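Quick heads-up: it's one chain on its own, the form predicted alone, in structure tokens.
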């Protein structure tokens, strides 16, 4: 479910509710002053009565005395005269939606660029935030009575046609975010390697993208034994989906995005505890993000060459499953001692990363993976871990994270951590020695061994792919966040702008 209608008009409608902005200290904004006169002073009267502070993102509401208006929703704009960032404007939109969703079927928003001392795109950002916040996963709900009733939101502006035209880009990005969120929350009996590969075709081929699917035998021929070893315990065969958008010039090196796509992770023979195992359907969030980014790029026809690689497996225990102690030879030729079959994401990424750089010779390569629980210990549910072998690339990703609110924190990589994954019988082992801490770092060091001179970044998104009970830091409701789609879309847009 999502807001069905987002529109831009030049005057309030004679129905539904209305939202206005108030600055810190209860100072009415320009738009609020106009409506206050129309509403016979009741906006000012009510905010004084409840001592509304006007702090940024704070909201309140009251029933209007007018027949042509249901509720008046008041949102705090913070200090008067302070220019708000696009992210803050988006959060204002999310705050309005969160208050309005149970009050009425339609709400108008009377907050313009003058009110927030921002450029004329203020309505676009507020609308984008409301749209992102409105998405909920209700596909399997047979009872809809407790769901939001708000279905339409409109924005008062004098630039109607410009806003309509410009908002298409944001609607496309939101559609891509919603795709990623949906894929992450779908159960493992719906999303498995073959079905996710087919969804990639359905989503990208009509938009002019290209999709190539490697099957088990293709991967055997390529020598992808690290990836195949993870998959060998499941009845669902692995797939490697290669997604392609050729929006740049022929001589332009592509940006390659690689996503971990473990559609269900039982842990294999190193079986996970039963408590919380149902959440292991989220372990394909990296691949889901890659597909979401490619869809956003294709919908907006971004002038850049982008390759997406989705490594798709299911990690299950069975009589054919990989065993702790097995040794596999990766596509790179390096051998790996598998000490724990639940450290499977780094195994499939080892072959996917090597394949991607070997085939496509990218300018940059970025992987996304719900790779380690250790990153949650280090960074909680607020930041993704960022690891990179290139300072410039890391800084570009960091800047995009600040713009989009999808936060990253750069983590160290050193030779001491690298030594911690040396094996006594193979080139490396897939978990570090017991005396070596920093599990997210040793996992990144493992991946780095499969990077051959390419500028590379690794995003460990294990703590940020879904919201938690005490941490709603994203422009989303309870459930999947779609983390990484807006971040990497902004990153790619900046590359296009150079």
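Numbering follows the first chain given and starts at 1. Treat the numbers as computed from the prediction; the structure is a model and nothing was measured.
Heads up, the form predicted together with a small molecule isn't pictured, but that's what we're talking about next.
### Query
Looking at 457, 431, 47, 35, which is the one with a non-hydrogen atom within 4.5 Å of the small molecule in the model of the complex?
Spelling it out, the residue with a heavy atom inside the cut-off is 431.
### Task
Have a look at 350, 371, 197, 366 for me and say which one sits with a heavy atom within 4.5 Å of the small molecule in the model of the complex.
By the 4.5 Å criterion, the partner-contacting residue is 371.
### Query
Does every residue of 406, 490 and 494 put a non-hydrogen atom within 4.5 angstroms of the small molecule in the model of the complex?
None of them does, since no heavy atom lies within 4.5 Å of the partner.
### Message
Check residue 79 for me: does it contact the small molecule in the model of the complex (non-hydrogen atoms, 4.5 angstroms)?
### Response
Heavy-atom contact with the small molecule at 4.5 Å: absent for residue 79.
### Query
At the 4.5 Å heavy atom threshold, is residue 444 in contact with the small molecule in the model of the complex?
Residue 444: no, not in contact with the small molecule in the model of the complex.
### Message
Under a 4.5 Å heavy atom criterion, is residue 272 part of the interface with the small molecule in the model of the complex?
### Response
Heavy-atom contact with the small molecule at 4.5 Å: present for residue 272.
### Task
Verify the contact flag for residue 342: yes if a non-hydrogen atom of it lies within 4.5 Å of a non-hydrogen atom of the small molecule in the model of the complex, no if not.
Residue-level check for residue 342: yes, a contact with the small molecule.
#### Entry: Proximity to the small molecule in the model of the complex (heavy atom, within 4.5 Å), stretch among 215-223, 322-330, 258-266, 202-210
The contacting stretch is 258-266.
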